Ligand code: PEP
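In structure tokens, the next block holds one chain alone, the form predicted on its own.
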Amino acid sequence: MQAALDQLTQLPPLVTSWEVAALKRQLALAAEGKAFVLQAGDCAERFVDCSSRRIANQLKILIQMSLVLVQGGGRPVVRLGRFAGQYAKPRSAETETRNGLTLPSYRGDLINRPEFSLEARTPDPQLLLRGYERAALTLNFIRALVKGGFADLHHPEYWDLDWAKSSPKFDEYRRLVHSITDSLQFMENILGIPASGSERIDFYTSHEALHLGYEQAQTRKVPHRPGWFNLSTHFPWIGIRTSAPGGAHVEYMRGIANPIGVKVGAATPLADIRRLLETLNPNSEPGRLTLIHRFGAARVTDGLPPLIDAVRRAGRPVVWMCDPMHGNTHTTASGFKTRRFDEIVHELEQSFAIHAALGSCLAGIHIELTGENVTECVGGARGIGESDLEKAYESEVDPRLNYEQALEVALLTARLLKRSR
């Protein structure tokens, strides 16, 4: 493994320190209710999905969702894509058994391979380099699309997914887009010049900083800025399994200058909250630390208020984000991991209500989704049922919302934001 890590240390960074600093400033605004964060993408990227069509589809749904949120929330949207590095995943079990054969669990393409064989499940350090290469290719294509006018508000038809035009929510989305483009055209007619910035948007990357060797190899000092920067991503975050205040992942995050996130929920002792805040944001820097809470529909009402109170008493600023996905995972009788759309919606609605009631600001949402026509989560406007899951279930790890369900979440969130103005 060390040889692969040594190679990584010599390769160019994937992001820049000034992009990282810009994101931190935008997150600080979100904490004050002056912007809203959309963090969304794959639960675990697969190397095989590094194709122009899939990357473009992912970008399309993120742009569409952000546009809906801008219109509904009346504030800028910070776009954080879970891509270009989301290749490693924690697993609940160390091993997996099929037909009497026990092998190591699949931990993402950065570590091993999903096929159920000893060769595939044996960790391969060369995958670290393949992960870097796929991340670089993904980022290069996204930057080229954005710079080339793919996100131009004058051409929302660029973002349409062909298979999704029959979605029950597509007409509502199109009406919203037309209202924005009409307003843009009106302003340009009044001013007599094109609206500045309407053809470009900012995108940032995020992934779970699970493989510390990979993260450390891309951690650098940069000219003219103090501190160390993780330049494999703009926004690394820690999952609940690795968020112990005295653990190695927290210690690593303590030493970098990036804005960072930490997943928290029912499994996080309240006594750990103050320690995490003191360790990860000792200088109370705005935009530095995001807490991504995930409780589940059945536990959010009881679990979230004490968490908000613990953070308030600690007296350090955080960016609050709701992850309504991970606390609502179930396994069907036929063995499919899935999530119920109504539970996702319930946790999201309750989170907005609780933050508002306690005088706190819910500044973002964290969603696992794909631009592909998958059937992995049940419910939504089209009414996907458990019997439909086998039709197009692609995920190797966690179930994701498809385009229709993701757009429905965005429309709901926009309505919730509008009420909170």
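Counting begins at 1, following the sequence as shown. Given the structure is predicted, the values throughout are model-derived calculations rather than measurements.
Beyond what is shown, the protein has a form predicted together with the ligand; the following relates to that form.
Exactly one listed residue, out of 263, 79, 288, 134, brings a non-hydrogen atom to within 4.5 Å of the ligand in the predicted complex: 263.
Residue 89 is the only one of 89, 113, 211, 340 with a heavy atom lying within 4.5 Å of the ligand in the predicted complex. Only one segment in the set 22-30, 360-368, 64-72, 49-57 has residues whose heavy atoms sit within 4.5 Å of the ligand in the predicted complex; it is 360-368. Although the partner is absent here, residue 241 sits close enough that one of its heavy atoms falls within 4.5 Å of the ligand in the predicted complex. In the predicted complex, at least one heavy atom of residue 326 sits within 4.5 Å of the ligand. Shown alone here, residue 107 lies farther than 4.5 Å from the ligand in the predicted complex, counting heavy atoms only. Looking at residue 229, you'd find every heavy atom of it more than 4.5 angstroms from the ligand in the predicted complex. Contact annotation for 23-60: a single residue, 43, has a non-hydrogen atom within 4.5 angstroms of the ligand in the predicted complex.
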